[in-house]
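Just so you know, structure 1 and structure 2 below are the same protein chain in two forms, each on its own as structure tokens.
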Structure 1
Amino acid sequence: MDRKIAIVTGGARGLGKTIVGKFVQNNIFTVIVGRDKKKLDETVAGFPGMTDSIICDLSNLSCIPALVNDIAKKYQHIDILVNNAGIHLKKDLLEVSDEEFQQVILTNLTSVFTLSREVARLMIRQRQGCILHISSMAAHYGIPKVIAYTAAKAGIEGMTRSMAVELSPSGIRVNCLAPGFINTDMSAAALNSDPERKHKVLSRTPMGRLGTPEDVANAAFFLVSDAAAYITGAVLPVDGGNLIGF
């Protein structure tokens, strides 16, 4: 039990990959879950001996119990789960089909519940563990054209509080990061095609810049570390003040 074992979903690129790097730097062995074998292999090769990967499409919920069992068998314990994987859909509300809405909810919310439930079963037996969700500014104010994403991220924040209360007696902490506008592929796709939105984002961010993946990874590491031992059920904005910007 000397070395901590973490799972980071969607850890082969974007924010997830930077979180993996931060964990590895701090001697946390990290199992990365994603769909893209090539990206997973490249990422694992970049952190020799400190990472492993498992291919899994998390929107296929029936695969999740076996995924967790396999990791538990191989590594005996799971200390940290970071539910980072997510998809984005930017479209006028009237154009979003029921199937598209369901797919975003399935990937960004339902799979987070299912994976957390399965990992919590093990963490309850261990009497310790940390679960970290990733939400978004979309959960805090009304952003047009991201209806399904907003619904999912608002759900994540509610689930953070409910899970934290229910799992606290078992020694499990559950927290959530709410990144503001961070410079990644996902945000570039949403902002670079829409200069007006980009201007709006920056003009209401008191720190006047987009966040870096490192800003998010540092906060993620803090929340799963012993330095945050008395913090549970919290939603921490990592947003350069965007949430309180005037």
Structure 2
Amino acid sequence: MDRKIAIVTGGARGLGKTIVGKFVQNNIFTVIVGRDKKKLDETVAGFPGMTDSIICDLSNLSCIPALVNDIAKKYQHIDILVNNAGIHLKKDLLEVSDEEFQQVILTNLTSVFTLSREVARLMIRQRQGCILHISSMAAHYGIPKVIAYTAAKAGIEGMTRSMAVELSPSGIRVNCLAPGFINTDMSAAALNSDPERKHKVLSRTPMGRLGTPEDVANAAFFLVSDAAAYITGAVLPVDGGNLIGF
């Protein structure tokens, strides 16, 4: 009961997995929610005794209340929720179908609302908790070919502020991270194959480098820790200054 319990969605790979590692290092038991059993099993095996996993497709909204109830029943409390799971779609605006747009919104925005609502019910009873959303620079820039993703992430940031106003009086802080260009396998491959774009990215980043997954995980841990006890409704860029660079 003394140990904090966290839920991290999409925590079996990429930035989510690095956030899980940071939480575990700080004695936060973490329940990882995802769709890929193999990846989930590998991640849990890498953090023995400090993680658990649940297979769930969060775009199936009807399964979310039972998911939260099962976690709460097993661990008695939920202290932290990190909404990291999401999908991407890179496609010309005129080529995006209604179905594709709706699927991205469902996975990246609607499911975040539903999961946060259900976890908030428990946190209100506890009179404490932290909810952390993961946004993107796409919510701040005009980036071509990511219309659905941009709409979802902009919604996440608006939802962060609205949720913070409603939930903070009940002891629940709600914040958001907006990562910039982070040196993951996917982004590194994309930028290394496009030297002109990589130069553009680095030239407008005052710190002159890509971020690391650890940079994002450190910021995530800060926002859910007691060190951020008076921070709520914030959207924190983790981008080396890219947002303000010219």
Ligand code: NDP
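Between two forms, the rigid core is defined as the largest C-alpha subset superposing within 1.5 Å. Since the model is a prediction, treat every value here as computed from it, not as a measurement. Numbering for residues begins at 1 and runs along the sequence of structure 1.
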Which number belongs to the form predicted in complex with the named molecule, 1 or 2? 1
After a rigid core superposition, would you say the CA of D70 moves by 2 angstroms or more between structures 1 and 2, or not? no
Once you line up the core, how about P195: does its CA shift reach 2 Å between structures 1 and 2? yes
